[in-house]
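One chain follows as structure tokens, the form predicted on its own.
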């Protein structure tokens, strides 16, 4: 196996993992602080991708389109929290699952009505459309490298926000013991509305940067939401550091598995069998990883609650 191919797939895994982190970060804080299961979180990722495609088409500038989409998705997330999701905080998990699943269906139909059933085209910026040489003999997509840089910047900023600011202290207190935090005067309701906005903005960033790689289409949030839940289970509910580590693990395992398992299977099976079986086994590897982590550490790698 050429070393450059191995390094390229590891970079692809890091890139995908960082985008998963943006999805999982808001989801794990919502789940950890308010004990709220929000299945509609992936729909905000879809809305962010659609708004990015729309604003880029209107303005002709990718970065301005991303900025407008992030702001718009954050406002939509806060509106959803104020009008619908806030009513579910005191309900049991089954009610939350059913209500937010219904919200997925509603949002999908609204998106289909506004933008139509056909996928939208979202292209990478022209200046980042080609490869660049990052090591001798290793050319890598400039846009994917930009995704890694943006993901790292956002991850570091979020870790600093959670660990070194007053708002972050409130978030960590709420994740550890919500009732005690409320008793000590932490403004949970406005903080949670803001948290929903931040989580929606992170979803929009992921949708904006994955849109040129994946299809911008109705229902695109459901499949990636499953991976986001796997990430927070592996990392530990309510933990930003756990979400980052879990997302990188899932991203690398998924990407490397899809790239290398067919090659390994082709040594013992026909090319057709290897090409069909490899991706399926790669998908299974993610859940095997989750099972191993839960067997060794039932609360995840870095649980916020002890």
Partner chain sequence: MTRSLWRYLVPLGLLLVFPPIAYATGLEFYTGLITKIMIFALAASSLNLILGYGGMVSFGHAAYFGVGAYTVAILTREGVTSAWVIWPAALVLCALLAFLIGSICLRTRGVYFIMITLAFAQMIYFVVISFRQYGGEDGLRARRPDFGLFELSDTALYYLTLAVLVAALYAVARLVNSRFGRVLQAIRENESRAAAIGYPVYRFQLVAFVIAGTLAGLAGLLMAHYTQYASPNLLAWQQSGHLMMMVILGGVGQFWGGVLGAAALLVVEEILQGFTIYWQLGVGLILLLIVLFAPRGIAGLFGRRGS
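Residue numbers count along the first chain shown, from 1. Note that the structure is predicted; figures quoted are calculated from it, not measured.
Note that the form predicted together with its partner chain isn't included here; everything after this is about it.
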item	value
Among 127 to 135, 200 to 208, 90 to 98, 146 to 154, the region lying within 4.5 Å of its partner chain in the predicted complex by heavy atom distance	90 to 98
Partner proximity in the predicted complex: residue 58 to its partner chain, non-hydrogen atom cutoff 4.5 Å	no
Residue 11 within 4.5 Å of its partner chain in the predicted complex, heavy atoms	no
Distance check, residue 102 to its partner chain in the predicted complex, heavy atom within 4.5 Å	yes
Contact of residue 256 with its partner chain in the predicted complex (heavy atom, 4.5 Å)	no
Contact test, all of 106, 276 and 294, partner its partner chain in the predicted complex, heavy atom 4.5 Å	yes
Interface residue in the predicted complex among 110, 71, 121, 82, criterion: non-hydrogen atom within 4.5 angstroms of its partner chain	110
The single option of 216, 233, 76, 195 touching its partner chain in the predicted complex, heavy atom within 4.5 Å	233
Partner contacts for 240 to 267, taking its partner chain in the predicted complex and a 4.5 Å heavy atom cut-off	none
